[in-house]
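To begin, one chain is listed below as structure tokens, in the form predicted alone.
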């Protein structure tokens, strides 16, 4: 089967979060199963390519004001996957992928509409897939365009679409006049299609018009159908419940393993944990922490600094947490209020919390390898990858029981020696503090703690099993598309109004 991915980021070419890790790893796992896989992403300023080759010299993209012309370059094949980059410097040669510190780029609708249309046009030259697998709102117009502008195009008659939600909190909301600007039909601005409280919602369009919808953990697929986690689209998802499924993200153990990590100060394994202490010393040195007792536990944080991630809880408890025997090291960047919060906590508690405001892959690896515990107190978390990385490194996760965090972490029971981490449910500072204290207490028993570490290190979340599950979804999507093509044509997309 030929699957074409369309996404806004992909390691090692561009990254702001876990989406890039998934789009970098899942195609390789699918190729290993025998599928033909292509990946389309924008060519940003940050995208470094060796010997790029122009494979589509010019694609005409109509907008309401004028035509724009982009091209597609290829970077060859890696592990059986072909990578294609949509090139249009006016839109993609910028400091960041999606916006500046002042906010999102005001022309994001045009930027990613061009990308989506370029993917469709390029595929007619480079190979029409059996399935387009699209990710988050930035590629949501691919299924929308397929079922509207390209509905009569024979090249795409049998092509199915699978759409993956990586985070419901980001939906691509734009003013109504965005539709004519992008040359999309006005009838999309209805409650049954893309209208959302007077705005155009790109994500909603994909949820309504894709053949299958997936998200990145079983628990999150259930949560997003509730008012608390659905961000106003829970009604859409409940109506589509039969075609909504959760498939847990895998991780790339070629990159994230203490036995091979090129950024770690020492290698270690479940059979020989001695190297972790050297990694701990190296981590503290990287954060400028001197004269720390190696017996004091280190709690690591690697995250986008955003409200979703639960850092308001840390602010609530830091004065009390600072009384405990522990050190927090935090790496991340994002929303300015949270960057300032971490820097303020560092000044207030210089011996208890060390901070680097940055995206730094090498330091992220050092935290996974050198920390004793890893903290993810998220308000919600579709899947989360860092807790899975942490398990492999024997860095015990402390997480809130939501989404993929709940699916991947089993609570530690010292009496039975079973479990892989510590979880709390209530979204309160008190619950977080109590759980951290529980972990700190468990750390005081070295023998028991090593059992806990090894439990996590033995877990396998590699991509193979998840890729097989996606293969099944692609088949179902193709069957659904075949059934839809065989059905009589109707003018109404839905007989019932879609809430949200």
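Residue numbers count along the first chain shown, from 1. In this text the structure is predicted, and so the values were computed from the model without any measurement.
The discussion below concerns the form predicted together with a small molecule, not included here.
Contact check for residue 384: a non-hydrogen atom falls within 4.5 Å of the small molecule in the model of the complex. Taking non-hydrogen atoms only, residue 278 never approaches the small molecule to within 4.5 angstroms in the model of the complex.
Within 4.5 Å of some heavy atom of the small molecule in the model of the complex lies at least one heavy atom of residue 18. Using a 4.5 angstroms limit between non-hydrogen atoms, residue 333 touches the small molecule in the model of the complex. When you look in the model of the complex, the only residue of 361, 78, 243, 190 with a non-hydrogen atom within 4.5 Å of the small molecule is 361. This chain is displayed alone, yet in the model of the complex one of 163, 389, 112, 311 has a heavy atom within 4.5 Å of the small molecule; that residue is 389.
Heavy atoms within 4.5 Å of the small molecule in the model of the complex are found in exactly one of 297-305, 413-421, 347-355, 235-243, that being 297-305.
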